[in-house]
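Only one chain comes next, encoded as structure tokens, the form predicted alone.
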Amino acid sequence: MKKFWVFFFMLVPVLALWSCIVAPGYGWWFPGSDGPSKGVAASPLGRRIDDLFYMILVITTITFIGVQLALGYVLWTGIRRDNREGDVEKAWFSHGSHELEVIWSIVPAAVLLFIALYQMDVWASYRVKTHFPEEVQNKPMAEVTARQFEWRIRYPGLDENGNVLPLMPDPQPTDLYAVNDLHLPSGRPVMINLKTQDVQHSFFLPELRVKQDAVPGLVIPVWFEADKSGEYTLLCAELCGWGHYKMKARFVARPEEEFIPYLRELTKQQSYDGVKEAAAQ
């Protein structure tokens, strides 16, 4: 019976490793694993974040395997000694060992320090505004305001020559609006200003590995870059109330040459008052 429990405890980590190995094939891995991207981030910065994840995964996997092997060795050795007739060897207790306390305090601290230093460059590119790509700094293309339970998007309007006006901090008469439908150019970095009108929400583009909390009272710049044109999922990653599920929206990455025509179409929709149709009737 003792051997059964040894094999049982060793089977659990084996199953854990097996599930990690087969997970990508079943779409259980990164967001988008069951889509055309096969779990690969759809943005350059997202792929750097994935690399960090894999680096941490390798470290924790090595640690996990080592700990489980040590556990199995201890259990198996304990059984063998327990079965020997006349075995009077006393148990050895490590509690209170100064050397071991120093070792298992310094080694994890060194690993954590290495991870902290290794990821600083990616973290700065993602969060520190002075490290944003130069072409997006102080040039937000849209303002995204979260509220219970939708995403309200405000674009700057177009001038008389059809050029995009700068996005002002406060709403302007020429601004354009959409709900749960964010459109921005693909193939280059873009930046939005993120706000919330009520509680805390979280702006989440899983395929691009973008996640940023929207905090009441703050305007938070967020930049990202979609490699390819297409439709991506936009979610709220913060449980924000009973209608949290309603905040599933979409982000459409358009070719650069299609973005201004989209704003023109939005202008036409918002300027339409139905007068022409009323006269025809």
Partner chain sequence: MSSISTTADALHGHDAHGHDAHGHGHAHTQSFISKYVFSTDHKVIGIQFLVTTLLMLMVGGALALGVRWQLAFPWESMPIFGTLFPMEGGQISPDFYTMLFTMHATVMIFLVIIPVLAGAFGNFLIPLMIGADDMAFPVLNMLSYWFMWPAIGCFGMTFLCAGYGAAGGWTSYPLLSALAEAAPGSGSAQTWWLFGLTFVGVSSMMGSVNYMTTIINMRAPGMTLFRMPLTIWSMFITAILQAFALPVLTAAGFMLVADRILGTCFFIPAGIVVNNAEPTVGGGQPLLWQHLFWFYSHPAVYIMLLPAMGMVSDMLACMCRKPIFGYKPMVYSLAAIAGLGFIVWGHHMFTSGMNPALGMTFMVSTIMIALPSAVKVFNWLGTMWGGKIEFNTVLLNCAAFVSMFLIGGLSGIFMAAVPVDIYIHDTYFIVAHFHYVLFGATLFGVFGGITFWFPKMFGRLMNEPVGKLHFFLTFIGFNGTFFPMHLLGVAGMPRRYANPFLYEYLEHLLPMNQFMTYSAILMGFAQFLLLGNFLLSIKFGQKCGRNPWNANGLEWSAPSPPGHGNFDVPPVCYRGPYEYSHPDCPEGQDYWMQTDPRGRKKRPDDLAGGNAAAPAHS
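We call the rigid core the largest set of C-alpha positions that still match within 1.5 Å between the two forms. These figures come from a predicted structure and were not determined experimentally. Residue numbers count along the first chain shown, from 1.
The form predicted in complex with its partner chain exists for this protein as well; it is not shown, and the discussion that follows is about that form.
> Heavy atoms, 4.5 Å, its partner chain in the predicted complex: which of 135-143, 106-114, 180-188, 161-169 makes the cut? Say which one.
Selected range: 106-114.
> Residue 173 versus its partner chain, in the predicted complex: is there a non-hydrogen atom within 4.5 Å?
Residue 173 lies outside the contact set for its partner chain.
> In the predicted complex, does residue 241 come within 4.5 Å of its partner chain, counting heavy atoms only?
Close contact exists here: in the predicted complex, residue 241 approaches its partner chain to within 4.5 Å, heavy atoms only.
> Since only the chain is shown here, I'm wondering whether residue 9 would be in contact with its partner chain in the predicted complex (any heavy atom pair within 4.5 Å).
Judged by the heavy-atom cut-off of 4.5 Å, residue 9 is in contact with its partner chain in the predicted complex.
> For residue 213, is any heavy atom within 4.5 Å of its partner chain in the predicted complex, or not?
Looking in the predicted complex, residue contacts with its partner chain include residue 213, since a heavy atom lies within 4.5 Å.
> In the predicted complex, does every one of 42, 230 and 271 come within 4.5 Å of its partner chain, counting any heavy atom?
No: none of 42, 230 and 271 comes within 4.5 Å of its partner chain in the predicted complex.
> Which residues from 147-178 come close to its partner chain in the predicted complex, meaning a heavy atom within 4.5 Å?
Counting only heavy atoms within 4.5 Å of its partner chain in the predicted complex, the contacting residues of 147-178 are 147, 148.
> Relative to the superposed rigid core, does residue 124 relocate between the shown form and the other one - that is, does its Cα move 2 Å or more?
Comparing the forms between the shown form and the other one, which are aligned on their rigid core, residue 124 does not shift its C-alpha by 2 Å or more.
> Taking the rigid core as the frame, does residue 108 move its C-alpha by 2 Å or more between the shown form and the other one?
After core superposition, the displacement of the residue 108 C-alpha between the shown form and the other one reaches the 2 Å mark, so yes.
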